[in-house]
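What follows is a single chain, given as structure tokens, in the form predicted on its own.
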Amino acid sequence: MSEKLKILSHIVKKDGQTKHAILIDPADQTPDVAAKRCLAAVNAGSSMILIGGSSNTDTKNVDATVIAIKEMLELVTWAKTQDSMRMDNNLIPIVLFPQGAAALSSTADAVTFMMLMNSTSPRYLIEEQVIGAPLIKESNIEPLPMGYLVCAPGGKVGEVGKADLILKGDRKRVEAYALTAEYYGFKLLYLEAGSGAKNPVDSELIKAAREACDLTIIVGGGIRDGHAAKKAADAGADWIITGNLAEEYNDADELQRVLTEFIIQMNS
């Protein structure tokens, strides 16, 4: 991969283990709290930080959150330069996961440039992307081409995104979407159950997508423990995303302990 694609290279690289990423919603926590949670996640073994989520995010709170996280990681990295620690801003990218063009920021390392493939609205198929593309080019952050599918139960993202949800057991449909994403030239495929969903993405849907394409598969929504994460990993997920889980812990040490156990069980 070229220097320009260094974040994508990090995300698509396979080493035989499923990786974990923490999702931070700037609308749900202060920048300082977000930075402490991210530090705990990185120390626990997380390999990426996603910023975004709700419709209440905007450039202002995204900027503040990304800057706080970068400053925290840089400070700790500098303080431990003599140790063999894994934390490195080149290895732990901060990636925007925006709900639309209004939540972009030039302070991040990359942005998921995604199509909500099963939306019934042109806005999420192409219109937000057209608005955002010139801003991404101007900011010089790396775009990560991604197909995004909302599966049942879907949650708020399914409602706002006007998604025609992929239902449990609908293997043929998710296979067709996975192939379409690959043929479009996307490099990533995200299967989303919805933030705070009662149930995660059906493992049969993950397995069907894995068998249908060679894309890097990311799974998020409703994954609250290592058992659920392992089930998704065994089905073929390359990345597991958790967001609400981190928000349950205000104590960073406790969060680090929980995520450490989560990641160990995920790859057990």
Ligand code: 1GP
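Treat the numbers as computed from the prediction; the structure is a model and nothing was measured. We number the residues from 1 along the sequence you see.
The same protein also has a form predicted in complex with the named molecule, omitted here; what follows describes it.
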Can you pick the stretch from 32 to 40, 209 to 217, 238 to 246, 64 to 72 whose heavy atoms fall within 4.5 Å of the named molecule in the predicted complex? 238 to 246
Here the chain is shown alone; which of T107, N118, S195, Q129 has a heavy atom within 4.5 Å of the named molecule in the predicted complex? S195
Check for me: heavy atom within 4.5 Å of the named molecule in the predicted complex, for each of L8, F113 and F186, yes or no. no
Does L23 make contact with the named molecule in the predicted complex, using a 4.5 Å heavy atom cut-off? yes
May I ask you to check whether G222 falls inside a 4.5 Å heavy atom distance of the named molecule in the predicted complex? yes
Considering non-hydrogen atoms and a 4.5 Å limit, does the named molecule approach Y177 in the predicted complex? no
Y124: touches the named molecule in the predicted complex, heavy atom cutoff 4.5 angstroms: no
Counting only non-hydrogen atoms and a 4.5 Å cut-off, give the residues of 134 to 169 close to the named molecule in the predicted complex. Y148
